[in-house]
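Shown below, as structure tokens, is a lone chain in the form predicted on its own; questions about how it binds or moves come after it.
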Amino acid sequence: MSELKLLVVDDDRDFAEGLAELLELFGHWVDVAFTGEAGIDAANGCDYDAILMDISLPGLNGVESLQRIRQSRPDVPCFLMTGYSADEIARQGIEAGASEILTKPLDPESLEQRLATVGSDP
């Protein structure tokens, strides 16, 4: 799989930095943001291949942040992540254009398989 430019957005710094390190081990280039607002700024400032964003963020949550990102970056794949079952917010995330809702803890092999589909033509 080729190197991807990825953005991880999660207010849990340990999780975000750990996920970034894992993705870098897979050969990807990764930026990290810790709030929805910072994620929006980062997404507008760089042409990412995909975004992994926590649903539960302080300030703007993941769904609200995704909706704003979609205004300027309508085609970037975005995977929303959650540590709990929240059917309503997950539904909102899919309606906002999330590629998929991922449940934490993330399985590294499964995540890499999902990322392998980013940018590939069906």
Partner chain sequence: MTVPATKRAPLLFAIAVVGAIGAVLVLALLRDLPSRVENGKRAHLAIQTLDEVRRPFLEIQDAVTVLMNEGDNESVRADFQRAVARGQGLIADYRAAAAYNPEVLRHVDRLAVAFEAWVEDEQAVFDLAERGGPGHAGALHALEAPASKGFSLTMSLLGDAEGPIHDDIDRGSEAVAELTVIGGALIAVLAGAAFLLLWSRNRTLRTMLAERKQAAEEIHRLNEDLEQRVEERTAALRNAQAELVRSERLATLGQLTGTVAHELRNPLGAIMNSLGVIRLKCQKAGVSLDMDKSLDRADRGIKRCDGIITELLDFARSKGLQPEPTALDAWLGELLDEQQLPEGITVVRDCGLDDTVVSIDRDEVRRAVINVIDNACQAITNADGDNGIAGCGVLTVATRGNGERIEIEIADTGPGIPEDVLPNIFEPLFSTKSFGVGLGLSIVRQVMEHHGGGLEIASKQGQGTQAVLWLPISRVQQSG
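The shown structure was predicted, so the numbers you read here are calculated from the model rather than taken from an experiment. Numbering follows the first chain given and starts at 1.
From this point on, the text means the form predicted in complex with the partner chain, which you will not see here.
Practice problem: Indicate whether L19 is a 4.5 Å heavy atom neighbour of the partner chain in the predicted complex. | Solution: Output for L19 is yes: heavy atoms within 4.5 Å of the partner chain.
Exercise. Indicate whether S56 is a 4.5 Å heavy atom neighbour of the partner chain in the predicted complex.
Key: Judged by the heavy-atom cut-off of 4.5 Å, S56 is in contact with the partner chain in the predicted complex.
Quiz item: Would R114 sit within 4.5 Å of the partner chain in the predicted complex, counting heavy atoms only?
Solution: So R114 does not count as contacting the partner chain.
Quiz item: Even though the partner chain is not shown here, does G83 get within 4.5 Å of it in the predicted complex, heavy atoms only?
Solution: Flag for G83 set to yes.
Quiz item: Since the chain is shown here on its own, which stretch among 23-31, 38-46, 60-68, 93-101 would lie within 4.5 Å of the partner chain in the predicted complex, judged by heavy atoms?
Solution: Of the options, only 23-31 has residues within 4.5 Å of the partner.
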